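Quick heads-up: it's one chain on its own, the form predicted alone, in structure tokens.
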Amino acid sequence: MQQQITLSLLPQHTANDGVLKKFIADHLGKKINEIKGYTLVKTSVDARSKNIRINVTLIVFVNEPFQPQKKSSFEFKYVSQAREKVIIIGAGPAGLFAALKLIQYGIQPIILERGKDVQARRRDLAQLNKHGIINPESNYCFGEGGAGTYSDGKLYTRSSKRGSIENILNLFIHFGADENIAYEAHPHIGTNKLPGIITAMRETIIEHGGKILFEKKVTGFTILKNTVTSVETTDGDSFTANACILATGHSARDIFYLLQNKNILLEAKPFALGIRIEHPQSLINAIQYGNFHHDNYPGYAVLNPASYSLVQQVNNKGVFSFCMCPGGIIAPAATNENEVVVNGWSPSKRNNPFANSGIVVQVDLPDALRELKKNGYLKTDAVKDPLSFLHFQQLIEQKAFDAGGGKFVAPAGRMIDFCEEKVSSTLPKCSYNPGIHAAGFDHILPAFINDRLKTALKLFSKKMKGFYTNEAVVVGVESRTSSPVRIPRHPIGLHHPQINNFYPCGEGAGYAGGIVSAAMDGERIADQLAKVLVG
């Protein structure tokens, strides 16, 4: 007999198979030798009380042989000679998962990626971190795997209605991810492991007749009779296919300009902007776990480095944590010279000494237009300009670059100093490799963001006692939280309303917010194309 049960256990009780079986047997009123095995369905940490618990959901095999859960299998067809071909612009999660799904349908994907493969991309990231030299086509945002490859690999999403989260996670496991992502409440792969997984995906696509072409920056589309007839790249090559998926990510500003210049419909999309804050991980552990964070607590080794999720309404706008990275590193996420952008990532073990998170404020169109006008950027038709949020984003990033002093050094300040509008006389150690420079933020962030951040940071300490401290450092700016532009698409056909075979997809088009939701959107577009192309 198989039974699904949920137990609430002390952390140390989940780490020992014999102890766990005893709790299972006691819960079911059985003898321990009647428990033949179990499969984990879900685990989560409940740290709301002084006694931290691990909630464990299991399928238990009682008096019948244990059968390990079968791994999902995927059938990839050979598509080298397929009649139906689809161009995919961008090799991020949306593009890669769209390609894998198309191959399952017998359709050949041709991926055009402006950046380099994951291995070559590492060298460009090293140049950026060590020497402040950026490659506009190969950085934390551009290259194989997209922004997600070198920015943590968080797999948590609330977008269950967009597709099968389980299918996405099983595909990651198929390509080498740890099986624990299937049952952890907040699954996480780790930046150190993602490149190998992305490489395995690429090899599968190529082995089955798909194409992935690197350093192929798209610079043009030929459109005739509401149909994309060819896609052109900066090296003069031209590609044709039955359809085109645009999966370029939230930072491909040149694509937005290209579409605008061709009078292709775009929409301004609200997004959030703010700062990234870094605490010692030991402090966050102490806040979240209390006495349980000490090494002498028997369950301490079982607990992952603590995380947090915070939200506060301040003057009718949400201020919230974003992309929280326990045991993480702050990374330079700019894509061009003269702009500073910060993001965060963690290795799989989350064992770095710092915890960082974006703390951001929602930006609405009147806010953006007011700031653009104040800085002389406002055009007479700016209210109707779908790139208004993008211009605002660029403005703030350029101010941050100037305040840092160059070479992607970021403006920074201790948290309390930031809130009291002081320039810090000293700065704590920080994981941001290009370096930080003490600066005031009043000339970087507009007042509607700055004032709300100051209020929220103080209020957050009521939810997390000790959060508001000068041990924490504020680093600016966190500005690439999501795309500032939406590329509209037909609600049923999913193609662009003006172009029958052009499919905006993923985070850059405004339909996703992270690795899993982008991957699901890629699969959704592939499913729709299969209906159109093969019936």
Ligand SMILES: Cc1cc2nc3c(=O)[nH]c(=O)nc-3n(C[C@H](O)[C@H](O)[C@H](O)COP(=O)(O)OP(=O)(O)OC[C@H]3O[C@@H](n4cnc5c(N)ncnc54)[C@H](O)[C@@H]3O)c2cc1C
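In case it trips you up, residue 1 is the first one in the sequence shown, and so on. Everything numeric in this text was worked out from a predicted model, so none of it was measured.
This next part talks about the form predicted in complex with this ligand, which is not shown.
Partner contact region in the model of the complex: 505 to 513, out of 486 to 494, 26 to 34, 58 to 66, 505 to 513, criterion any non-hydrogen atom within 4.5 Å of this ligand. At a distance threshold of 4.5 angstroms between non-hydrogen atoms, Q393 is out of contact with this ligand in the model of the complex. Among residues of the shown chain, I525 is not one whose heavy atoms approach this ligand to within 4.5 Å in the model of the complex.
When this ligand is considered in the model of the complex, I275 lies well away from it, no heavy atom lying within 4.5 Å. Using a 4.5 Å cutoff between non-hydrogen atoms, S357 does not count as a contact of this ligand in the model of the complex. Proximity to this ligand in the model of the complex, defined as a heavy atom within 4.5 Å, holds among P411, G148, P109, G328 only for G148. This chain lacks the partner; the member of F142, F389, F418, F172 within 4.5 angstroms of this ligand in the model of the complex by a non-hydrogen atom is F142. Contacts between stretch 68 to 106 and this ligand, counted in the model of the complex as any heavy atom lying within 4.5 Å, involve I89, G90, A91, G92, P93, A94, G95, listed in sequence order.
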